[in-house]
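Consider the single chain below, provided in structure tokens and representing the form predicted on its own.
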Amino acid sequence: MKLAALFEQRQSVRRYQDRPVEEALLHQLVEAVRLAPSASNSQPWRLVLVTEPELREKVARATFSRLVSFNRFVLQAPVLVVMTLERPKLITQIGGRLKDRDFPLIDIGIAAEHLCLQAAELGLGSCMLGWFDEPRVKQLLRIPVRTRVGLMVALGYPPEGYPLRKKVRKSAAEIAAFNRY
């Protein structure tokens, strides 16, 4: 698929078929993340692919509550990818402090988009999740105390005929300028 077509196709999917994702496809997603660029090639991430149904449901339930219910759709996703933030190389840490930039967060965003674009090419839907009960997720997945969960991605096959994004994107003129702000 052409990259421009992937940009058109890739969107946040919030409904999934009751169908498992093949392990071979999951390995392709891991490879896409493995190849993602990062500051000083630190690769400051680790993926936990949650596919075991009972554990997946518990992790999915950690993405919403009675008060905050917008992530309930995550219960339908047959795979949850939990992306942790790992310690970057020393040069990246120093550079981040000097430039007041959180390079690992930038890097994990790039890696997550690699995952989501690869998913779209494979016919899978995805939705990045930033809202979750991090202590609960860490406990369920035995993530070390000092390791942060950067984000999660719900993943699976969208239902047949899932509509392409409804919300109109800003125009190019609204998001870009040449030579001056």
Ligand SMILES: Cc1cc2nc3c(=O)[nH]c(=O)nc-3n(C[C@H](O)[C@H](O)[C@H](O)COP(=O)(O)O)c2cc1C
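Values in this document were obtained by computation on a predicted structure and should not be read as measured data. Numbers for residues come from their place in the sequence shown, where the first is 1.
Quick note: we don't show the form predicted in complex with the named molecule, though the next part is all about it.
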Pick the stretch from 124 to 132, 48 to 56, 26 to 34, 141 to 149 whose residues have a heavy atom within 4.5 Å of the named molecule in the predicted complex.
124 to 132
Residue-level contact is defined here as any heavy atom of the residue lying within 4.5 Å of the named molecule in the predicted complex; does Q17 satisfy this criterion?
no
Would F73 sit within 4.5 Å of the named molecule in the predicted complex, counting heavy atoms only?
yes
Across 1 to 28, the residues having a non-hydrogen atom within 4.5 Å of the named molecule in the predicted complex turn out to be R10, Q11, S12, R14
